[in-house]
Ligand code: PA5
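The chain below stands alone and is given in structure tokens; this is the form predicted on its own.
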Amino acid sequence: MLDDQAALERVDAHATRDVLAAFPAQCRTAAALHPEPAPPGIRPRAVIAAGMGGSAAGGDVVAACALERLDVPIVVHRGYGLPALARPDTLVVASSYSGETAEVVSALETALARGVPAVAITSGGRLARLAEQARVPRVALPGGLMPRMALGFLVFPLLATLDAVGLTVASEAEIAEALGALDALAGVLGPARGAASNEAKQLALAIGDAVPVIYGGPLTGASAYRWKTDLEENAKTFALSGTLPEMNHNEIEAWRAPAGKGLHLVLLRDRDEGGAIARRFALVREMCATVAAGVSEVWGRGEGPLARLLSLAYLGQWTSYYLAILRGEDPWLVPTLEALKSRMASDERR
């Protein structure tokens, strides 16, 4: 079915496949975007990346890349307002692709009330209007996408924003490598490449009717959570995610019959994960394979952490897409999510 173009078009009525195929081009466009006006070039003592859902994923990727590179913490904040950490010597980056995310608007409002420097990353909406009124620097994003499919527009402008305040997370060479890795993947993960040699199609077929469980390591845990949310929104399936070594201290105990029989394990590996983590992955694979419906293992591409994380995220996007097709779900639509947002907005207007 995944190699049948007519079948893809029937299920994928909104041509999500074209959006995914254009992801490398999206990232190249995003890499040229910068906040305007430029934020004050004062190095903050901490960064708070405020976002929700797909718009928070950019913060996750950048924070993971920065973990062993910056001496300034990057805290990804999912929720209303801001943590107490947000003070005048902190930078708040409020990211909402649509600009209508209530929690992110609340975060920027809180930053303004506390006198905390801020930057907005958005395509428009209430967040853009608030940024304009308060003269907050903004990265203006092109519109027209679902937030979860705009990952490039949330990652690269955040990198540019941090670079502008003296916090370089990825060098120009590492950004170029990441863009090249995505270009290469686009040719081997898209619908034109048959399942016999298409890793994303093979993963979707392997998962089948099972519940996917995605585990990453110290770096790739950020991608594991991204896989989880893409699978949930695109394929409309429950998915679990976790990070090694933490899951070795709790979740590993749940891997037993009969519950484990309905789960498919996907391990996101990294060339720099270290010997102790590699040993833990080997043990998890060995122990879980005795009860799991299946086990898959994938590796990030590239030398730099940015390339490795984005290549894994891109593979996850395509895998969730093909799983949606197999399950007869339009990967573009999120009717339950939209219904909840509509009801929340209605309640707020009362």
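Computed from a predicted structure; not experimentally measured. So that there is no doubt, residue numbering starts at 1 and follows the sequence shown.
Same protein, other form: the form predicted in complex with 5-phosphoarabinonic acid (PA5), not shown, and the subject of what follows.
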query	finding
Partner-proximal stretch of 46-54, 280-288, 308-316, 62-70 relative to 5-phosphoarabinonic acid (PA5) in the predicted complex, 4.5 angstroms, heavy atom	46-54
Answer option from 174, 270, 109, 233, heavy atom within 4.5 Å of 5-phosphoarabinonic acid (PA5) in the predicted complex	233
The single option of 137, 191, 147, 260 touching 5-phosphoarabinonic acid (PA5) in the predicted complex, heavy atom within 4.5 Å	147
Heavy atom distance at most 4.5 Å to 5-phosphoarabinonic acid (PA5) in the predicted complex, all of 97, 101 and 337	yes
Partner proximity in the predicted complex: residue 341 to 5-phosphoarabinonic acid (PA5), non-hydrogen atom cutoff 4.5 Å	yes
Residues within 4.5 Å of 5-phosphoarabinonic acid (PA5) in the predicted complex, restricted to 3-19 and counted by heavy atom	none
